[in-house]
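Only one chain comes next, encoded as structure tokens, the form predicted alone.
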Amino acid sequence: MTSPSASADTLLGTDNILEVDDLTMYYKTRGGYVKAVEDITFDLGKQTALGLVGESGCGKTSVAMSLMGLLPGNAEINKGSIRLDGDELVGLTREELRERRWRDIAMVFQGAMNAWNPVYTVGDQIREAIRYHWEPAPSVEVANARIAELFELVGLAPAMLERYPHEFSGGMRQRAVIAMALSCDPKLIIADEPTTALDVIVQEQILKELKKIQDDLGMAIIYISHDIAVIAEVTEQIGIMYAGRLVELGPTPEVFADPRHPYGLLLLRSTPSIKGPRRKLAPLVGEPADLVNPPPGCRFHPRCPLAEERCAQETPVMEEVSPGHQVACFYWERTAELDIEGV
């Protein structure tokens, strides 16, 4: 049984499934333009997991919605490029984007209850996605067989496909959302806070299932989360965002062990860990930047313990500090010397 995207990769010699270059997206509001995403650049390799972390409002979900082509009417991609499997997505029509969603790129939304229409069975809703995106459209029997296969993959009884969303527990609804995201064999899945509002045991189960599914099916995943522990567990790469910009990007183990951006260091050190020696948690003082009127220069400089006059006048660009590890900070070499307890 195959779906539209089950053919071999056609990446024309590149190992990247996703290439984002200089992506900038604003929301138009009565108070002015919200500069939600600015100058975001990163690549994602095939079968790789990338985590995007940062405080609430930093632009993580706005990046995800830009990739999915699900921006609201007041949002506009001002510049930049999004290439998925070698194809440019910026500039496609709504219908063209709709054809790519689920088939090539899918999303596991946060808030599983809100992801379902309460008056249709879960099976009906997954069947709709399958029958729209598969060519030729399969019969109900073939679609049901695919859904049953997916339910078994995510740990649900196949008989539950004819039940309504309210008959599922929170964890079961989230598993069903994952099954729907997998229904057309996408090359890339975006998981936006996939374990929000679930107890820790169910969180662990779902994360393990996602990781196993990624390994078994060979797809790439972007995890969007404010929970750094989740990112540490399931990703190979991590991107740290602050006020709409990517400030640090690199291999997850290296960034966790040796963060080079002051915000990355403070963010990671503000999170308790049950591993390693005991350490005092670092405070993240101050308020996040106003994205309607962001501060000039480095947006983190009003809260940064390393800030100097240059930081308020110039915007740092990403530079490689070690293989694959990039940081946007003029004084990244001094980050390791910060006295966290004295900050």
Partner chain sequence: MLKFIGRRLLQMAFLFVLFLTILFFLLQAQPGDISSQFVGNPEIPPEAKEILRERLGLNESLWGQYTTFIINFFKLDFGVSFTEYPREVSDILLSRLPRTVVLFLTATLLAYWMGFATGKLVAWRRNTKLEHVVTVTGIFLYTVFYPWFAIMMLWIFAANLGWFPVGKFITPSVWNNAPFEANQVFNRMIVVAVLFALFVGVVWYLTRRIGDLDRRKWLRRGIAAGGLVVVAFYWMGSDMRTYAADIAHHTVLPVVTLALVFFAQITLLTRSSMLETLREDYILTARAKGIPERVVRDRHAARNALLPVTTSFVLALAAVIGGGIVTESIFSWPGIGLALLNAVLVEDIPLAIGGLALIGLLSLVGHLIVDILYTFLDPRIRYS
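Positions refer to the first chain, counted from 1. Remember, predicted model here, so these are calculated numbers, not experimental data.
As for the form predicted in complex with the partner chain, it is not shown, yet the points below apply to it.
Only one listed stretch (248-256, 142-150, 222-230, 158-166) carries heavy atoms within 4.5 Å of the partner chain in the predicted complex, and that stretch is 158-166. The contact with the partner chain in the predicted complex, taken as any heavy atom within 4.5 Å, belongs to 68 out of 34, 68, 50, 289. Out of the listed residues 217, 198, 77, 129, 129 is the one that sits within 4.5 Å of the partner chain in the predicted complex by at least one heavy atom. Among residues of the shown chain, residue 180 is one whose heavy atoms approach the partner chain to within 4.5 Å in the predicted complex. Not displayed here, the partner chain is kept clear of residue 88 by more than 4.5 Å at the level of heavy atoms in the predicted complex. In the predicted complex, the partner chain sits within 4.5 Å of a heavy atom belonging to residue 125. Under a 4.5 angstroms non-hydrogen atom cutoff, the partner chain in the predicted complex lacks residue 211 among its neighbouring residues. Residues 114, 115, 116, 117, 118, 119, 120, 124, 125, 128, 129, 132, 133 are the ones in 114-143 with at least one heavy atom within 4.5 Å of the partner chain in the predicted complex, listed in sequence order.
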